[in-house]
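One protein chain, two forms: both are listed below as structure tokens, the first as structure 1 and the second as structure 2.
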Structure 1
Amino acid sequence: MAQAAAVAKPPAPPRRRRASATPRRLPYLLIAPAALLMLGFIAYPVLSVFYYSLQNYNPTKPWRNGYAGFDNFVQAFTKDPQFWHTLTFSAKWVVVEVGLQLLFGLALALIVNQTFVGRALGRALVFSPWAVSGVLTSAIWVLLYNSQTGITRYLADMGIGSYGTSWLSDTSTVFPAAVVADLWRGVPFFAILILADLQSVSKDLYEAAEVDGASRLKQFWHITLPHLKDAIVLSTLLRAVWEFNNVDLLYTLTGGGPAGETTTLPLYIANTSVDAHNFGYASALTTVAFVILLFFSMVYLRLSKFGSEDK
């Protein structure tokens, strides 16, 4: 008995508990409600647009509703000159706006990146228009362009132009007037993104370039611009999509006029659906716009080599 007690069996090793899968799945379970909610709000409208693009759907003419196949798309490309006019103007609007906003935004970012007295106030003034909503921006510029109390009235008082001139009602001046109004709000967007990227450029690169005798222009071309490549590509892509879909400013400023001169494709879609109640045809136009933007984004990112190490 004593020997048996002395030679005791070693205690059995503790059993390894199987790791529970719940901790690994917990993050996904926590974000699942929000993800499902966002999916519902995004997927349902998109699928609805694709569905109605193949339908004749006009609530005011229910006897004509039904499956249309690709008739809406055929009408857009072959029987609707307004579609091509608005698409052409949309492309013109995007190219002019994004190009000028990038140019002025880059210039402002380079200026406020320098050290000077009152730089914080200067940055605040430069960035403040971006905090103003599109509708409020339109209201401000409608007042500025008012023929009785706006800019043209004061210019007429100085002998420049005539009284009662309305830049928004003249086909020769409405486009530049709308461009200036949108520039006021769009330029700070580029200035903010470019300035943020400028902060990460090492000062040592500029000091080494100065030692080598490089001019300011060469420093900008060989140091600053390559470093800003990805920021410029991303900001121009985002702004191009937003400008293409711009409705609030042009609708408030001109309503697409005069004589349809400033009607973009999204504004034409809005008028077709809301005013004409032709939701089937408007859905087809929306699908075309979606495909155009998707194709443009893919080609632009591919050609610009966004995210590549070669700058």
Structure 2
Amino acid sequence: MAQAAAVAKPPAPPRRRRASATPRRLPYLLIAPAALLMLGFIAYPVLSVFYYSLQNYNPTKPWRNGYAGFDNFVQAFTKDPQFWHTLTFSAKWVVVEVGLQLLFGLALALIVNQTFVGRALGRALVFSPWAVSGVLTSAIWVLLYNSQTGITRYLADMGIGSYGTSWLSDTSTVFPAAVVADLWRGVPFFAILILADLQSVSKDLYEAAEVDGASRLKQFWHITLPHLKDAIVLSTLLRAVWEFNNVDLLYTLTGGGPAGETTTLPLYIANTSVDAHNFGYASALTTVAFVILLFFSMVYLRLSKFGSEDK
């Protein structure tokens, strides 16, 4: 008995000591799974992309594989018109998409922030496309743009467009058609972000402004907009990155076509690597994309004042 107690007792103090000492090691243990997953499946792949960007690497043409220096980059910037096209198209896509989403999203958020009859239902309905995936958005708009049975046919009856053309296979209509399809899903998303911030504006400010006789426009300009500024800037940046990176919609809606017209840089990368197996070249293109994203994330970190205030 005495012995058992003696045996049982010694482990207790170390355990208690460990309990107070664990906080040193415990946080590392807790973040270990996340850290390992991210190291293995984000950090390592990013590094290997940099490595392959300097290699000729094509599993279907093994005899050409080997160190290539900056050949891939030279190839991209001087001999590949398709690369320049994807760069300019990416810029156009991001600017138009994000600009329109900001405009409509802000308007939509301001509207559904008012009190009116049926607001809850109205909100739920106008926000509903947010839940729809990129592929499903494509499926829906493929149905709408179908030349035989789509809404385009009924619009042609009303004098908008012409019969028998699919807006997705015509180089002159494919861009606006794709933009509208993506707006359908993107505007609600933006509106939700802005609405969340809108609700934190103090009502007192408006009441004070009202007493001073400020018009609604003035209230919007001097109270609402300054309050939303940070949220707008940050969500616009995030959206820009997201729209740049997003592959699902254009891949399934247009496949980058017709004739490469709607190929963004990430889509071009996916095609170069997966279809053409030109991994070295695709890695070089990815490196270019990373440089662009790095610029965006530096601006984001700067503006979000990361690290200056949080603990």
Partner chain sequence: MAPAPDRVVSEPARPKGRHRAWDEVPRWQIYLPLSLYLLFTLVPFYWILLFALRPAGSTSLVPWPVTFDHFEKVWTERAFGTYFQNSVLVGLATLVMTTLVALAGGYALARFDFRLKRAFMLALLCSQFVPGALLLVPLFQIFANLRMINSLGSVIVAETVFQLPLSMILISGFIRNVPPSLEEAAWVDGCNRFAAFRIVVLPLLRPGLIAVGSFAFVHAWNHFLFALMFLSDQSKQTIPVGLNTLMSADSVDLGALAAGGIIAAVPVVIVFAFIQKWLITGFSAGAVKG
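Each form is matched to the other, and the largest set of C-alpha atoms that superpose within 1.5 Å is called the rigid core. These figures come from a predicted structure and were not determined experimentally. Structure 1 provides the reference sequence; residues are numbered from 1 along it.
**Student:** Could you let me know which number goes with the form predicted alone?
**Tutor:** Only structure 1 matches the form predicted alone.
**Student:** Once you line up the core, how about residue 300: does its CA shift reach 2 Å between structures 1 and 2?
**Tutor:** Indeed, residue 300 is displaced by 2 Å or more.
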